[in-house]
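Just the one chain here, laid out as structure tokens, in the form predicted on its own.
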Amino acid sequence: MISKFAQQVQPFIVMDIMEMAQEMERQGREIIHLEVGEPDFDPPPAVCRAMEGALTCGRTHYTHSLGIWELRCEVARYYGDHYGVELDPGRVVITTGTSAAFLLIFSTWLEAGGRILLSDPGYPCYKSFAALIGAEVRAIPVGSETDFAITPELLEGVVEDGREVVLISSPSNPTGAITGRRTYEWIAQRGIRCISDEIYHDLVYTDVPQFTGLQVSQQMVVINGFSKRWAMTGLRLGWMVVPEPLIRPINKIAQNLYICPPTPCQYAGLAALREGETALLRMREEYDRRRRTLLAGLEDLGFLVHSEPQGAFYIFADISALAADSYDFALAMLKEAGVAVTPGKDFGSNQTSRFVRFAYTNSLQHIEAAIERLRSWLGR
């Protein structure tokens, strides 16, 4: 017998597209991958050395379920250095990727019948985590009129009794939008529980000042990690900062779910925080070059970009001038042009059939080649 959750959970379409593209590559096709939000860079050299050193020194055993104390202290120091936030390291939870962080906080703050408010379009796996807990998802439609960000005005229409949990992703996936401080302040002033997904922090290409939810309220839960900023996706290492009353409940759930984060990866995380700044700056500069090239190329081809992405590494492009349905359009683009992108329906239902997401996590050379392939394909 298969569980109701397993039967009803939606596929992660970007992974379907990637796996389809990989099958085409096995058959000899050359595919340009602009679908998956995974950095194409290697981790900083210091990270690789730390991983190797941990394995050589036998640091392969269980750690505390919340992570090694040294790493928790380093994360706390990071918030002091970057945001001026004084943070007790005991409130830092090291997790097996940010996916584990979401599962932990959803399990702690939500239960069957609980409500979580999410932007639409937004990262699709949030809904799956909520469904696993049995919580209700309330989608907040966002569009070009708010630069694809949640605003207080949008929240006023859906917050009913203050017992909801609001989840904000800033910069966001798939749009690269940054949520304004006014929204965080509105939430904090009303005592509404809030999760701030800040995994794309430090990958911002405009003069918009970065801030963390912790600067607005120490009662917010902030989730972040190493995957995007330091190209450490496969190391599966994240963190979150939680209010003190949540520490022990989260500790117990972590003990039962996965015992502890991968030990060698925790030492790699230490190296990233201490020695990874130069590599981060180089990657960010390169992402910005790619962003500007891809933006110009797409607009020249007839794609509409309603709001220039300010952060992350995605462009959410409107294809309504080119085709009626983005899913069919993306499949045809893959099969006929050899360019893989993600159809908008992966990210919700708010007019998403009009959009595809391009990830500029491929080299500038490949991005330029993709633009030329699309020019030829659309011309046909």
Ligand SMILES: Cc1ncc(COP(=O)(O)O)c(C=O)c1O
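So that there is no doubt, residue numbering starts at 1 and follows the sequence shown. Bear in mind the structure is a predicted one, so any value in this text is a computation, not a measurement.
This protein has a second form, the form predicted together with this ligand, left out of what is shown; the following refers to that one.
Taking the partner from elsewhere, Tyr126 is found to have a heavy atom lying within 4.5 Å of this ligand in the predicted complex. Though the partner is left out of this view, Tyr200 does reach within 4.5 Å of this ligand in the predicted complex, counting heavy atoms only. At least one heavy atom of Ser99 is located within 4.5 Å of this ligand in the predicted complex. Although the partner is absent here, Ser119 sits far enough away that none of its heavy atoms falls within 4.5 Å of this ligand in the predicted complex. Listed residues Gln219, Ser307, Thr183, Ser227 were compared with this ligand in the predicted complex; Ser227 is the one with a heavy atom within 4.5 Å. The partner is absent here; in the predicted complex, the one residue of Arg115, Arg72, Arg291, Arg236 having a heavy atom within 4.5 Å of this ligand is Arg236. Only one of 106-114, 165-173, 184-192, 241-249 lies within 4.5 Å of this ligand in the predicted complex by heavy atoms, and it is 165-173.
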